[in-house]
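Only one chain is given next, in structure tokens, and it is the form predicted on its own.
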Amino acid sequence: MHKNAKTFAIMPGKNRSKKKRDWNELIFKTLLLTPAVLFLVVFMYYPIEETFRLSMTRSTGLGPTVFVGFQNYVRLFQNEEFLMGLKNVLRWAFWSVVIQIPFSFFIAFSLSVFKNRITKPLRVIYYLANVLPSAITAMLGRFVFAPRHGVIPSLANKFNWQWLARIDFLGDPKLAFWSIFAVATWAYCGFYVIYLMANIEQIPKDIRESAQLDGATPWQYARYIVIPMTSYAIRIVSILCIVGSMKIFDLPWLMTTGGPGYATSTLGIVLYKSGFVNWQYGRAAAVGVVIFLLSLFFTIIQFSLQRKESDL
């Protein structure tokens, strides 16, 4: 009886010390998380909420704001430039995934599997375009496709290909989009190549050696081993491609300012013109909301597909 009484006398003290330790741990974790939470609230969640609120108003940024509900969205979908910009970003996203991702994977796989002395210099060369500012990339693109004294017309005249010299790559509505897309492919694929290479080189050497002993060709090794083992990295790159396509602005604006006509206009260009040229802040905010919702939609689809595949 005496021992049991002593045990019960000790237990309350232990409980109090445990509760105090748990409370101190909670305070410590709260202090660590508070700066990150404040950063997200101030620089992410509040701007998103403010953009949604501003998209429901008619404002020039100087005078009073007038609540108009969904009127800005209705007018957007009645505007030819916005509809063309929406079509262009969706087309840009589709062809980015279809062309840029396989092209980047091919280069990354080739540099990872067929290593030689020029592998490291090639990595630098491919990534160098991604380091250049967008203004310089656009200037180089304009220099290549300039109608008279550009690189392509000069080479065409040198080899007497007059049919090629007469083509206006940036002035033809049917070719301007693809000309800018070609420059963007050169500019952006460097990052995708480096990212995919980092994931491909993480595959254990034993797996590759086993595949070689079994007589697997490079194509079979890529199809049945590399692609399944780097599927997560490929999806991440695809998400970056799609989200970047939704908000593409710099290259189309610097190379053609969205022209000729609306042939190369994007949602980013429509947002810029609405907010900083026409001073229609409510309409610009509505375009920003559309870009945000499209990016969120495609990101959710990508992760949901990944989750279903992992469940299978």
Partner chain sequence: MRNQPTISVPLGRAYPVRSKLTEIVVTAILILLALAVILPLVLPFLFVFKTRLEYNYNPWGWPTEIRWINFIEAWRAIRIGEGLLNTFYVCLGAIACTVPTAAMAGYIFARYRTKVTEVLFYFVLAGYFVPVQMVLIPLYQLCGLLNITDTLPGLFLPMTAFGIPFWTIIYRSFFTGLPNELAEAARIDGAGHANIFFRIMLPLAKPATVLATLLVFMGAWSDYLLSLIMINSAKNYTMQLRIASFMNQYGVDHMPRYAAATIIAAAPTVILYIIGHRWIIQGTLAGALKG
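Residue numbers count along the first chain shown, from 1. What you see is a predicted model; the values in this text were computed from it and never measured.
The form predicted in complex with its partner chain is left out here; the points below concern that form.
Its partner chain in the predicted complex comes within 4.5 Å of no heavy atom belonging to Phe181. Although the partner is absent here, Gly150 sits close enough that one of its heavy atoms falls within 4.5 Å of its partner chain in the predicted complex. Shown alone here, Leu32 lies within 4.5 Å of its partner chain in the predicted complex, counting heavy atoms only. Taking non-hydrogen atoms only, Ala138 approaches its partner chain to within 4.5 angstroms in the predicted complex. At a distance of at most 4.5 angstroms from its partner chain in the predicted complex, all three residues Thr51, Phe191 and Gln202 contribute at least one non-hydrogen atom. For the options Ser231, Thr217, Gln162, Gln78, the one in contact with its partner chain in the predicted complex, meaning a heavy atom within 4.5 Å, is Thr217.
Though its partner chain is absent from this view, in the predicted complex it lies within 4.5 Å of a heavy atom of just one residue from Arg91, Arg166, Lys158, Arg223, which is Lys158.
Residues placing heavy atoms within 4.5 Å of its partner chain in the predicted complex fall in a single listed stretch, namely 106-114, out of 172-180, 91-99, 78-86, 106-114. Residues from 30-48 that approach its partner chain in the predicted complex with a non-hydrogen atom closer than or equal to 4.5 Å are Leu32, Leu33, Pro35, Ala36, Val37, Phe39, Leu40, Val41, Val42, Phe43, Met44, Tyr45, Tyr46, Pro47, Ile48, in the order they occur in the chain.
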